[in-house]
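One chain follows as structure tokens, the form predicted alone.
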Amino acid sequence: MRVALAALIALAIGPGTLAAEPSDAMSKRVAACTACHGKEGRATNDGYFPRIAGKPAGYLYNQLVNFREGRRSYAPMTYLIDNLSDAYLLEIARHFASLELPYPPPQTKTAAPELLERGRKLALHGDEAREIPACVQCHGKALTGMQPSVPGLLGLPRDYVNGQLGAWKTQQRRAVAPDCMATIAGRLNAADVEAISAWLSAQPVPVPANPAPMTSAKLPLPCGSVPR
């Protein structure tokens, strides 16, 4: 209990307050984050909390702002960051984005071949007839994300991917307008969501897993979270 309380206080009091210990000041200040997201933000592949280590800083910053401003809803997250400034949220985002750490092996080891094939087709090719773009069109050819604001999709827990796609479909998760993911998720049915999450969680993460540079190709949909 004392450790958790100290972590919350360290996060809340903001930058520059741990100057006496410059080498690990930030790691102490984000201890409240790693309590859920795992050591150094690397998480695991069998829970619900997503990995944040190595994600693009712009993406992490956007999500922190979305939690603070109510576009995403998870009470512990909102409680932690409700009173933090934009500058401090950006500092947290940059800290986790700078961490290059190994990923765990794929989570999904057994799944019906037809389910995995459906997920593969949607992730790599989309469904033109239903105006569903492929995941790779926005999240990069290797699905490791694109700088500065598009996250990687590999190495995430299957339940987390399921939950987030469902949250977009039901408008429990939102982003800055135009909300491209809400539009895409609205075109997916339950079987699509299950297939995509199964296939993504069955894939090994390439080494290195760094987000790719933003492509000059036009995104399939306008996306308010991605700088033009």
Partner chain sequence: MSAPIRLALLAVVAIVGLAIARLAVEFRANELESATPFAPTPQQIERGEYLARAGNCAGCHTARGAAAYAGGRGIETPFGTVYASNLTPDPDTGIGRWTPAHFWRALHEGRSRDGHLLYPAFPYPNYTLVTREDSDAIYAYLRTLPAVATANRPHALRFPYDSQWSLAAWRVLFFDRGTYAAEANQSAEWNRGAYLVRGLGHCSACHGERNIFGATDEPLALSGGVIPMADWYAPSLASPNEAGVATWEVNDVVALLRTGSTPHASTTGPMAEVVYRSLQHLSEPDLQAIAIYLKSLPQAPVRRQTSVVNMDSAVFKRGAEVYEKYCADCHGKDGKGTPGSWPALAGNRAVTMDSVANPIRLVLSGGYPPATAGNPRPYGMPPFAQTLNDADVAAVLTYVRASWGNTAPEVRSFEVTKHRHGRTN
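Residue numbers count along the first chain shown, from 1. Model, not experiment: these values are computed from the prediction.
Below: the form predicted in complex with its partner chain, not depicted.
(request) Have a look at 26, 161, 175, 57 for me and say which one sits with a heavy atom within 4.5 Å of its partner chain in the model of the complex. (result) Selected option: 26.
(message) I need to confirm a contact call. Of 132, 84, 123, 115, which residue comes within 4.5 Å of its partner chain in the model of the complex, counting heavy atoms only?
(response) Going through each option in turn, the one that passes is 84.
(request) Report yes if any heavy atom of residue 61 sits within 4.5 Å of a heavy atom of its partner chain in the model of the complex; otherwise report no. (result) No, no contact at 4.5 Å.
(message) With the partner left out here, check for me: in the model of the complex, does some heavy atom of residue 42 sit within 4.5 Å of its partner chain?
(response) Close contact is absent here: in the model of the complex, residue 42 is far from its partner chain, nothing within 4.5 Å, heavy atoms only.
(message) Within 4.5 Å, heavy atoms only: does residue 127 come near its partner chain in the model of the complex?
(response) Judged by the heavy-atom cut-off of 4.5 Å, residue 127 is well away from its partner chain in the model of the complex.
(request) Evaluate residue 200 for contact with its partner chain in the model of the complex, applying a 4.5 angstroms cut-off between non-hydrogen atoms, and reply yes or no. (result) The answer is no: residue 200 has no heavy atom within 4.5 Å of its partner chain.
(message) Counting only non-hydrogen atoms and a 4.5 Å threshold, tell me whether 33, 80 and 88 all contact its partner chain in the model of the complex.
(response) Spot residues vs its partner chain: full contact, yes.
(request) Within 4.5 Å of its partner chain in the model of the complex, counting heavy atoms only, one of 69-77, 107-115, 148-156, 132-140 shows up; tell me which. (result) That would be 69-77.
(request) Give, in sequence order, every residue of 177-203 that has a heavy atom within 4.5 Å of its partner chain in the model of the complex, or say none if there are no such residues. (result) Result: empty, none.
(request) Using the form shown as baseline, tell whether residue 46 and residue 74 are closer or farther in Cα-Cα distance in the model of the complex, where the change reaches 3 Å or more. (result) Relative to the displayed form, residue 46 and residue 74 draw closer in the model of the complex - a change of at least 3 Å between their C-alphas.
(message) Comparing against this form, do residue 46 and residue 77 have their CA atoms pulled together or pushed apart in the model of the complex? The difference is 3 Å or more.
(response) Pair moves closer in the model of the complex.
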